[in-house]
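Shown next as structure tokens: one chain only, the form predicted alone.
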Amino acid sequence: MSNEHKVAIVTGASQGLGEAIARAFLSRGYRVVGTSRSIKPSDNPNYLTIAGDIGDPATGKQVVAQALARFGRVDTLINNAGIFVASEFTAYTEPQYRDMLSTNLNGFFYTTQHAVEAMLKQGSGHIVQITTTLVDQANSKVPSVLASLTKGGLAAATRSLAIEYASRNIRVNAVSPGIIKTPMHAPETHGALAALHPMKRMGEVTDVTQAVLYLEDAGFVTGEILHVDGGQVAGA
């Protein structure tokens, strides 16, 4: 295939935000590589799906290698895969701790390393992490230390990578959502979840995809944590 079209990799692409982000890039004419444990095969020649555990070092390597083999380049990486568990600190279990570290941090590390290598060879690239505003504004109604630990690590890494690669034409940003209306939130919880935002509504999936696409287009923006959270970062 010709490699003239830009190529985006989206992790956690089987549902929710990841699925919507993958669709948004496809609608822009990008070729997309989507990965998650449960992702289904695609019959779209511009969409390559790869099933795998993003916390496994082999998965990130395979995803980038197959993107290069199939489409010839890697322009954008969206590190969307993540696990969120709200819990009192002392109630977290060891498996929850291991799973969140594996998906939220290991998955970012292994995939991003290989993507950056590809981007350096082609002379450009863009990386976006999906974090959470609970990193910046803790909320006693949503105790979530492990989200702050792992997603906070991604926010810090975003700024560090942005500076490390700014002179080499690789931009690194993040989108920090509030609570987004996805199938993971049952309709009967929407009222209570909406109340956690100063705007008194939950976010829509399109709010996040629009933010990701803005950062994709914003060539002079790097090291940015773009909050899409109904005002949560500003305070209660």
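Residues carry their position along the shown sequence, with the first being 1. Computed from a predicted structure; not experimentally measured.
This next part talks about the form predicted in complex with a small molecule, which is not shown.
Of the stretches 89-97, 124-132, 70-78, 162-170, only 124-132 has residues with a heavy atom within 4.5 Å of the small molecule in the model of the complex. Mapping the unseen interface onto this chain, residue 46 falls outside it, with no heavy atom inside 4.5 Å of the small molecule in the model of the complex. The small molecule is not drawn, but in the model of the complex it has no heavy atom within 4.5 Å of residue 22. Within 4.5 Å of any heavy atom of the small molecule in the model of the complex lies no heavy atom of residue 195.
Looking at residue 57, you'd find every heavy atom of it more than 4.5 angstroms from the small molecule in the model of the complex. When you look in the model of the complex, the only residue of 61, 185, 28, 201 with a non-hydrogen atom within 4.5 Å of the small molecule is 185.
For the options 120, 83, 142, 105, the residue carrying a heavy atom within 4.5 angstroms of the small molecule in the model of the complex is 83.
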